[in-house]
Every structure is written in structure tokens, then in C-alpha cells.
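The chain below stands alone and is given as C-alpha cells, in the form predicted on its own.
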Amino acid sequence: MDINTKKLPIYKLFINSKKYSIKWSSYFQVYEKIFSTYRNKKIKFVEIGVANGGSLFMWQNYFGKKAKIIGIDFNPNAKKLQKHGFKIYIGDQSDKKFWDKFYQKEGKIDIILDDGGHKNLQQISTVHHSLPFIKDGGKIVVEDTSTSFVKKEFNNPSKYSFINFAKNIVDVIHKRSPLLGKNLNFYSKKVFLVEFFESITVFSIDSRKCFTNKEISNKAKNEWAIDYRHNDYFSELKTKLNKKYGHMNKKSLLRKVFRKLFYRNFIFDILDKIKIKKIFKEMKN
């Protein structure tokens, strides 16, 4: 384990928790990064998969007395933790009816952390059914997302893995760009940021920041900036070729070839793809 991990406040609280708990060593640095701003604030924190309850004590001590810590588990024995002041719900995280009843009672929450069954349907259902009930400024955190790549027991990789679901959300939030149209759904209207850590995915929720994007400029004059992204540094060559072949009949084959190769950057797109494929190949090694 990294020696710096042992110095983190959240790690010390985990080690000294009065109840048994299991966590991966890399998680604690992520916890500090994503949760530190919520400490000593009046928040409602929900954890799915509480087992013996060790993590509930860790969260209570980490967030402070103002925080309300709620646990969800499929095992009825988890109800025993209520004598320690935690509110416990027993139910199936993949069941929409469970979530409907849960949020009907609890209302909106600040953070939900999924450390439950880790199966695709369980993780996806938690995000999908919880998203409308996360307060602006809150988070949905899903742990053990490495199961999206585990064949035995979890039947992954799969088109319908949790990680592919999360990648789809990344695609969806890009629809806030005017370049892609305005077909927004409740994901693009609620999810402001998606962060991927090793085995943890974090969705930051804030509808106030999910407005349709627009291009703006300042008041200064554009003196020399030119858009070179489409290989316009070949403009001189284009100009010479245009003088030579531009007078040709629009239907002529040579003119069509000329426009295809240079005005639509056909050759340069192919070269770009070759280089990109090489980088993708190097990523997999």
C-alpha cells in the first residue's frame, strides 16, 4: 500500500471502525478527493451494501455529526445496525419498486455510494433510479466497476456492462453542445461531470451547470488567428491547383478528384486515421 494512503483521515477512520469492513486500498485517495468538501456539513449520505456496518461508522465519523447516514442492504441482519443510530433499508437495488418506496420516504439526498452486488443491472439500476433524486451539488458514486471486465460471475465484458452504460452518459452530456443538436434528456440535464478512477465511477450532479452551451468571444479584434484544423496550411497548394484546374467543367472527373482530395481533406483524413489507429494499438499493449 502507498505510504501516503495510511496518512489519510478516511483511512485511519476505516482501520479503527468498531465493525468489520473490507475496502480496496486505492479507494481512500479517491474518497478524500471527492468527499472532503462535504465534511461537517448537513448532508444525507446513502451507502448500498453495508455488510457488518464498518463503513457506516467510518462515514459517520468522516462526515461528522451533522450528516445523516443511511444504509441499504439485501440481508435482513443489517437492520441490527439501527441500534447504533443508522437508518437501514432492506431491499433489492435492481428493483424499481424498491427505489420508488425509498425515495418516497427519504426524499432527495446528497450522495449515494453503491458498494452493493456489483452486477451490471444492480449498478445501472442504482444510477438510473437515483438520478432524479440527487440534490444539485451531490454525487452518485459506484464502486468495484472493474467487474465490468470480469468474465467469471459477472459475464463481462459486455455491450450492457456498467462501464459501457457510463460511457453512454458521457456521450449524452455532450449533447449540450449546439454542434450536436438540442435533444436533451434527464441525464444531460442533471449530470455535470463524469469521473473515472480505477474501479470507481463518479457522477457529479448539478442541473444548474447543465445549460446548453454557446460560443462567445470577447471584444478584442481578431488580428491573425486562422483555423488550421482542417489542414488549411495546404491552402497555397490548393490555390495553385485551383488556378490550373478550376476552370474545368464541374462535371469533369479530374475536377471532382481534385476537390475530393484537397477541399475535403480526404488524403489527410486517411493519414490521421492511420496515426490514430497506431496510438489505439499502443494503448492496448
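Predicted, not measured: the structure shown is a model, and the values here were computed from it. Numbering starts at 1 and runs along the sequence shown.
FYI, the form predicted together with a small molecule isn't displayed, but the following is about it.
Comparing 84-92, 190-198, 103-111, 169-177 against the small molecule in the predicted complex, the single stretch with non-hydrogen atoms within 4.5 angstroms of it is 84-92. Among the residues 154, 133, 74, 165, the one placing a heavy atom within 4.5 Å of the small molecule in the predicted complex is 74. The listed set 276, 15, 270, 22 contains one residue whose heavy atoms approach the small molecule in the predicted complex to within 4.5 Å, identified as 22.
Proximity of residue 50 to the small molecule in the predicted complex: non-hydrogen atoms within 4.5 Å are present. At the 4.5 Å threshold, heavy atoms of residue 148 stay clear of the small molecule in the predicted complex, well away from it. Although the partner is absent here, residue 138 is not a contact residue: none of its heavy atoms lies within 4.5 angstroms of the small molecule in the predicted complex. In the predicted complex, none of the heavy atoms of residue 125 sits within 4.5 Å of a heavy atom of the small molecule.
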